[in-house]
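Below you'll find only one chain, the form predicted on its own, shown as structure tokens.
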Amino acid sequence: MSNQPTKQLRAVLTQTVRRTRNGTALLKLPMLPVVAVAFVVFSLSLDGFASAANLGNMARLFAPLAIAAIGLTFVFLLGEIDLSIGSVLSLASVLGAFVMRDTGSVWIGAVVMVAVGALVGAFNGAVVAWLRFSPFVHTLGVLVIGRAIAMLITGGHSVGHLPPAAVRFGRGNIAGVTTLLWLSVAVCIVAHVILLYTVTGREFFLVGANRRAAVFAGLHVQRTRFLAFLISGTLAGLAGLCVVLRLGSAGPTLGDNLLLMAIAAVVFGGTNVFGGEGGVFHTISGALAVVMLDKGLNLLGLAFYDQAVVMGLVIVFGSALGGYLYRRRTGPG
């Protein structure tokens, strides 16, 4: 293959990454104004919304959601989807909680949770990348299987009696900020650096924008797809750890709401569902909006199914808004 096509394709890669870097500038994130307005409205209309206690609760809810949504962002950047993260969180959390309870070690249990997420993510990635299974169908099947296994090993009950150190860490603070929020910030920084400042990270954008061009450019398309699902599963396991540390227990339905909220965060943040456009800061802004909406609806006293309707509308609106902004930047076609 001649060098000229490769140079042209790498120029496309550079342009894509540059556009994405500009799009992740804090002042250009489409959801930041929504977050600011929502915070002001809820603070003025709902008693206790802006209290220190409620802000702390939102930070602890934000941490696992942001971590899981960041993992899902890698998959969305390729124009694919991982429906298994909710059941991965549940399965990883109950297995890790059993280990924590029986060994008395928070660290061993934490390693187990992250390892379970990584193993399921690696399995998803291998099947999707090299066996060419449909990501939607395959991860939907893993969702069902993972939830069933979590139910079987727990008998449908929660796993408690964890070491006191687990709850102390999950509800503790460092410099006045919850430790779980510090963990999510660290994950955000690492993911952002990987995506925008490493060769492997930049390949996510080009593969998502034009997979055929990426193949012709000699990029590792199947490896990139594998890594996306590996990262998604690993961060789902880490998100399960955050939930367990916050609650002091685990359960087979712990991740049921996570999938919907994570998709809402990624889509509402502006990551293009067709791939090639978005980033970590987009997802963080979407997660902030979703958390504030969730807490605001709770304080308003809305029932669970009413909140689910609102969250579904958020996903639809976010997808439409993301598509509109993408067309504005790239032109019709």
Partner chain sequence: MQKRIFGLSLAAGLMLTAVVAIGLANADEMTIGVAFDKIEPFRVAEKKALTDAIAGAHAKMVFANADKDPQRQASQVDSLVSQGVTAIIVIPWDIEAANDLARSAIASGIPFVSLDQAPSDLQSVTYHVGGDPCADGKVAGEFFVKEAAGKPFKLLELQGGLANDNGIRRSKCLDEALKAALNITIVARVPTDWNPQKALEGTENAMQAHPDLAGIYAPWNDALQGVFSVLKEKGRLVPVGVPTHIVIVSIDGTPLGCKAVRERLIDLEIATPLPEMCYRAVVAAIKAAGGTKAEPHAEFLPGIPYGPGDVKEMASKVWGCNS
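Throughout, rigid core stands for the largest set of C-alpha atoms superposing within 1.5 Å between the two forms. Positions refer to the first chain, counted from 1. The structure presented is a predicted model; accordingly, all values stated were derived computationally and were not measured.
One more form of this protein exists, namely the form predicted in complex with the partner chain; it is left out here, but the text below deals with it.
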Answer range among 131-139, 73-81, 167-175, 229-237 for contact with the partner chain, defined in the predicted bound form as heavy atoms within 4.5 Å: 167-175
Can you work out whether L219 and the partner chain are in contact in the predicted bound form, taking contact to mean some heavy atom pair no more than 4.5 Å apart? no
Does the 4.5 Å heavy atom contact test between P64 and the partner chain in the predicted bound form come out positive? yes
Would you check, heavy atoms only and a 4.5 Å threshold, whether V159 touches the partner chain in the predicted bound form? yes
Any chance L254 has a heavy atom within 4.5 Å of the partner chain in the predicted bound form? yes
Heavy atom within 4.5 Å of the partner chain in the predicted bound form: which residues of 117-155 meet that condition, in order? R147, M151, G155
Is there a C-alpha shift of 2 Å or more at F274 between this form and the one not shown once the rigid core is superposed? no
Taking the rigid core as the superposition reference, indicate whether the CA of A59 shifts 2 angstroms or more between this form and the one not shown. no
